[in-house]
Ligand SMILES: NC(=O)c1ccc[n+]([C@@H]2O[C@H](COP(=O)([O-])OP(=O)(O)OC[C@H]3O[C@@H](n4cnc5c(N)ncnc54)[C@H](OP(=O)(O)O)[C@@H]3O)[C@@H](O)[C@H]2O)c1
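Shown below, as structure tokens, is a lone chain in the form predicted on its own; questions about how it binds or moves come after it.
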Amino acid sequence: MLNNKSILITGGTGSLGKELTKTILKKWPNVSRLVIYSRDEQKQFQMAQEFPESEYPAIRYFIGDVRDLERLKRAFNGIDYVIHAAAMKHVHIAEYNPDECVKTNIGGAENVIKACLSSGVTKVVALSTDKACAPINLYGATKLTSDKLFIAANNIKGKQDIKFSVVRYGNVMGSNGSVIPFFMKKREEGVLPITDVNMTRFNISLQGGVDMVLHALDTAWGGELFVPKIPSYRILDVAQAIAPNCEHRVVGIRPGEKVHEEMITSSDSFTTYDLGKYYVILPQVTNWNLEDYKKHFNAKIVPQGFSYTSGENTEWETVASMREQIKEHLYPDFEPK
């Protein structure tokens, strides 16, 4: 799929960008070019130690900010596929720095779309978040706006051969700033801070996120918002899995946090289809034939009023399964304590 193609990843030095890089270089050794676009020179320097250009001749490191349209246009020159992973993502930081969040997550999305439309890019996949579904915080609101911009971009492409789609998923296990590395560090102090004893979250591995992005690149017709079928976990189960002998101290929810996350609301149910491994929320108006799409993917409309939330999920991680996953995906020598 990606051999002889040029791919660019915005926010490419982040957790998902690095995992995408590893997967792409392994599965498609004849990829023409893989551009890592990000604004942090130190992270690019560190990533270049792991993926040196001398060993991976297709890789390029490109310093740039998604706020800078002209820089994006320069970077997108000759690129076939764009994966947009750059964002301000920390909920509480966005609450206290709203202008910066809007500039990056909304203005950056607009710039990526404009640069794609002016550069001959043919496929674009933008990363979303469960917090964009019925948002109560600024981060979620900016990502929902970003989702809408990318989906609507299919309506302004004219006759250009380009498809824009979005992937939305829950907490990526072990990603920067996520709860498992945080608890691993805090257990050394003997106390784990718990925001709310009832809190639940969706759970997906880094590889699961990568697989979903690649699925969208391969199959999207343009305008889809893909949602994975993934398990939930209870925050107390994660704490018990990591540090059963530590004190669990309730500290309260931070600004902008939910007790349970959502990925599909009941209002979305009228245009949500079950694809088997994934759900897909389609735009109300498509520029392709809906009946053809349903037949091609064997897509089944979900029941009216259907919603998909972490607190009412049908699939759950347990203390034992969390320990297995932590050992398999994050810390091979992990032992609870």
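The structure presented is a predicted model; accordingly, all values stated were derived computationally and were not measured. From 1 onward, residues are counted along the sequence shown.
The same protein also has a form predicted in complex with the ligand, omitted here; what follows describes it.
- Note on the interface: of 138-146, 234-242, 155-163, 180-188, the segment with non-hydrogen atoms within 4.5 angstroms of the ligand in the predicted bound form is 138-146.
- Of the residues 199, 79, 217, 85, just one reaches the ligand in the predicted bound form with a heavy atom at 4.5 Å or closer; this is 85.
- Residue-level contacts in the predicted bound form: of 111, 128, 119, 205, one residue has a heavy atom within 4.5 Å of the ligand, and it is 128.
- The shortest heavy atom separation between residue 38 and the ligand in the predicted bound form is within 4.5 Å.
- Interface residue remark: residue 267 is not counted as part of the site for the ligand in the predicted bound form, having no heavy atom within 4.5 Å.
- The ligand is not drawn, but in the predicted bound form it has no heavy atom within 4.5 Å of residue 325.
- The ligand in the predicted bound form comes within 4.5 Å of a heavy atom belonging to residue 15.
- Contacts of stretch 168-182 with the ligand in the predicted bound form, defined by any heavy atom lying within 4.5 Å, are made by 169, 170, 171, 172, 175, 176, listed in sequence order.
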